[in-house]
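Okay, here we've got a single chain as C-alpha cells, the form predicted alone, with questions on binding and movement later.
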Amino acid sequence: MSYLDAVRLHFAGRFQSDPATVNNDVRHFNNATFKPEYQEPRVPGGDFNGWWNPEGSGSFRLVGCKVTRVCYGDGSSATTKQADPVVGMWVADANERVAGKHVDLDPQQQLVSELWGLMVRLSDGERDCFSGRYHVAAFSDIWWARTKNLGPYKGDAGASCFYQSVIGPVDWGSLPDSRFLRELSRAAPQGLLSIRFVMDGYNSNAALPDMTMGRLVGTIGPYEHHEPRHFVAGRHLLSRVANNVPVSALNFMPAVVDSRRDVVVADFGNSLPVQTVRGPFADVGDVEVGYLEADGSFHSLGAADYRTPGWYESTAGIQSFPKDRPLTRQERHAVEHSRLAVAVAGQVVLKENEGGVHLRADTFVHRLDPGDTARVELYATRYGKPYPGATVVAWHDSSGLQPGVGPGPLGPAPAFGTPVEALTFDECIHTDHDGRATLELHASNPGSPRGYIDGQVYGVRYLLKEVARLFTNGTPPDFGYDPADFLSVLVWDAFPMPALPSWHEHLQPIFQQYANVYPLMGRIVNLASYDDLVRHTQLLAFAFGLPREDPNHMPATRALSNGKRRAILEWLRNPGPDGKPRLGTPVPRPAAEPQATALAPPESSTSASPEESKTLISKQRRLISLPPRLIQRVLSE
C-alpha cells in the first residue's frame, strides 16, 4: 500500500528550492537577441529581465525536517522519543555530496518540475538508520487555491503540490532499539521505501524573509514492487473542474481500503485548504469520509480531525476511517463496491468516478532523442482493484503546456506540440488482466521547429473510454478526470556526430546558450569563452560524462540531448594537434527564428509578477479538447 501502509512515519519541516530563472522565458534561449540585462533581476516596475532569481543554482534541499510520528502495523502510533527513538530524528538529504537538483522539463513546460540526484536519509544527527537514492519524479496535482489568505505573499506561495516516489534500495545503517524500524525493515524486505511529501508556502519574494524556502510535510512507508512508484493504485476522489483547475472546496486526494485492518485510509495532505501561508488548515466545517449509497446519499464513516492543533504536521493529513473501530461487514462490502466520497458540512465535494474507475500513468515526464521509445505504464482500477480489458484513448493535447513568456518586446514565443509526426503512439490500447497497459511513445527528429531552442515539447492526454464518452463536442465534462493526468514529452532535434567536432562549427552556439541562461556557472567557468573552457577541460569532461541521475551532472537542467552530449565529450576528450579541443574556423550565424507562433494564452500574461513564476505560467495553459475522430471511436465501441 505504499506510504499509506499501516507502518509509516510522518515528518515535517521545510524545503529550499533555488531555481535559475533566466530560462523562465523561452525567448531568452535566442542567442541572436539575448542581452546582458536578461541576467539581471527584474527591476520593480520594469521589464522581467532575468525574473526573480537569475543566479539560482537549481539546488533542492530538505531543511529541518523531523519525524513527528511513527505508526505501527496494528494501527497504534508513537509521538515521543521516549516511546520510539525514531520520533524526532531527521529526514535529511545528502551529507557527503552536493544537493539534488530541481529541474523543469522545458521553458514551455514548467509545471512538472522533477527532483534529480536527491538522497534521503533518516538520521539521529550522528548516524544514519537508512539512506537511499530518491528515484527521479515530477510534482503533480499543483493546487493554486490552497491558501485562503496570502498576506504579504503572492501567487506561488498560495499553491501546493505533491511529490511521490521510491527510495532505495536503502542501506540500513545502525539501528537503535526501535519497534518502528523493526517493523519497517520487515515490511520492506527489498529495501525499497515509498515516500510522498506535500510542499506549500513557497516564497520567491526577496523582500520577505526566507526566499526560496517553503513548508514540506511527508510520509515514508514500505514499497512493494508491483505498485506504481509515483501514485497510489487505490481509490481516487475527484474534484469538479473548470478551466483546467479544481473548483471544489477540497483538491483531488487518494485513499485505500486497508483489508488487514478493515479501515479506509485517506490522505488529505494536498487536499485541505490552509488559512494562511504555511499556516493551519482553514476551518471549512465538518469534513467526513464515507461512501455513496445506491440512491446517491452519503454514508459517513467519520470526521477528519483536521482542526486539532498540529494535526497536519503529526499525520501529514492521513487518517483512518472509522478511526476507533474496524469497518462492519456491511460497511466493508459497501466500500468495496461503492464510490468513496468526502463531504464538507454535509455536502459531497469529492467522490470517485462513476463505476469507481480510475486511470493514471506512473511516469509522466519523458526526454527522448530521435529514435527513442518511451514505454509509459498505465494503471486502470475499478474500486481500487485492477481493471482488466479497459479501453484507453490517447491523443496529442497541448493544454497542459505553456508559451513560457513574460511581457516585453521580445516578440512571440515559438509554437509547441508540432510537428505531431515527431511523436507517435497508438490512440487506442487496452489493459491486460492486471489492469495495466503500456503506451509506447516513438520519437523522431522534429526538425528544429522552435529555431533557437533544441527540439520540441509535446503533451499527450489519456483517458478511459468511459470518461472520454462524457466529452461534449470535444469539450471535457466538469467531473471525471484530473487535469494533471497527462504526459509531458521533450523530443530533441537530431544532432549527427561531426567527424571532428570543433568550437566554431559545432559547439559555440550550445555553450553560448548555457552561458546566457545560467549565469551562475560564470563564477566557475565562462561557458562562452573557448579559452576558459580549455582551462577547465578535465573538469567539464568529468561533469558532462556523469549519468543524468548524478547530482553533479552537467548541465544541471538535464536539457542536453544525447547527440550534443556525445559531441561535447568527443571534443573535450580528443584534442587537436595542439593538444587543445579543436577551435575550427568562425562561421556566420543568422538569427534563428521559430517557424510559427504559439496560440494566444487565455488570460493576460502580465497579470502576475516574475516572483509568481508558476502562477504566471499556469495562466498560459489552455483547455482540453478531444479530437472528433476519437469521439467517433469511443462512441462506436
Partner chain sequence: MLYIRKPRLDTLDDLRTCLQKAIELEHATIPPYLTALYSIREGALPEIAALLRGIVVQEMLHMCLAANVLNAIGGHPVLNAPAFLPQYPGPLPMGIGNEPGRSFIVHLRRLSLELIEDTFMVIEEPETPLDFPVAALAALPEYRTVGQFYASLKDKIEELGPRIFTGRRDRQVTGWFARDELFAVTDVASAKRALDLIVAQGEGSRTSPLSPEGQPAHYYRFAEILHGRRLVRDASVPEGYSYSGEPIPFDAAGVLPMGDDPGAQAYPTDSEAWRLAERFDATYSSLLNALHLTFNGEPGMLNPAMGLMFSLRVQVAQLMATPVPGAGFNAGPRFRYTRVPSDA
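What you are looking at is a predicted structure, and each value in this text was computed from that prediction instead of being measured. Positions refer to the first chain, counted from 1.
There is another form of the same protein, the form predicted together with its partner chain; it is not shown, and what comes next is about it.
*Asks:* Counting non-hydrogen atoms within 4.5 angstroms of its partner chain in the predicted bound form, say which of A334, V170, M213, L368 makes the cut.
*Replies:* Here the answer is residue option M213.
*Asks:* Out of L569, V63, A32, L583, which one falls within 4.5 Å of its partner chain in the predicted bound form, going by heavy atoms?
*Replies:* The option sitting close enough to the partner is V63.
*Asks:* Tell me, yes or no, whether R121 is in contact with its partner chain in the predicted bound form, where a contact means a heavy atom of each within 4.5 Å.
*Replies:* Yes, R121 lies within 4.5 Å of its partner chain in the predicted bound form.
*Asks:* Hey, in the predicted bound form, does N552 get a heavy atom within 4.5 angstroms of its partner chain?
*Replies:* Contact check for N552: yes, within 4.5 Å of its partner chain in the predicted bound form.
*Asks:* In the predicted bound form, is there a heavy atom of its partner chain that lies within 4.5 Å of any heavy atom of A294, even though the partner is absent here?
*Replies:* Result no; A294 lies far from its partner chain in the predicted bound form.
*Asks:* May I ask you to state whether A92 is within 4.5 Å of its partner chain in the predicted bound form, using heavy atom distances?
*Replies:* Yes, A92 sits close enough to its partner chain in the predicted bound form that at least one of its heavy atoms falls within 4.5 Å.
*Asks:* Among 356 to 364, 419 to 427, 240 to 248, 521 to 529, which stretch has residues with heavy atoms no more than 4.5 Å from its partner chain in the predicted bound form?
*Replies:* Contact-bearing stretch, as computed: 521 to 529.
*Asks:* Which residues, if any, of 3 to 38 lie within 4.5 Å of its partner chain in the predicted bound form when only heavy atoms count?
*Replies:* Contacting residues: R14, Q16.
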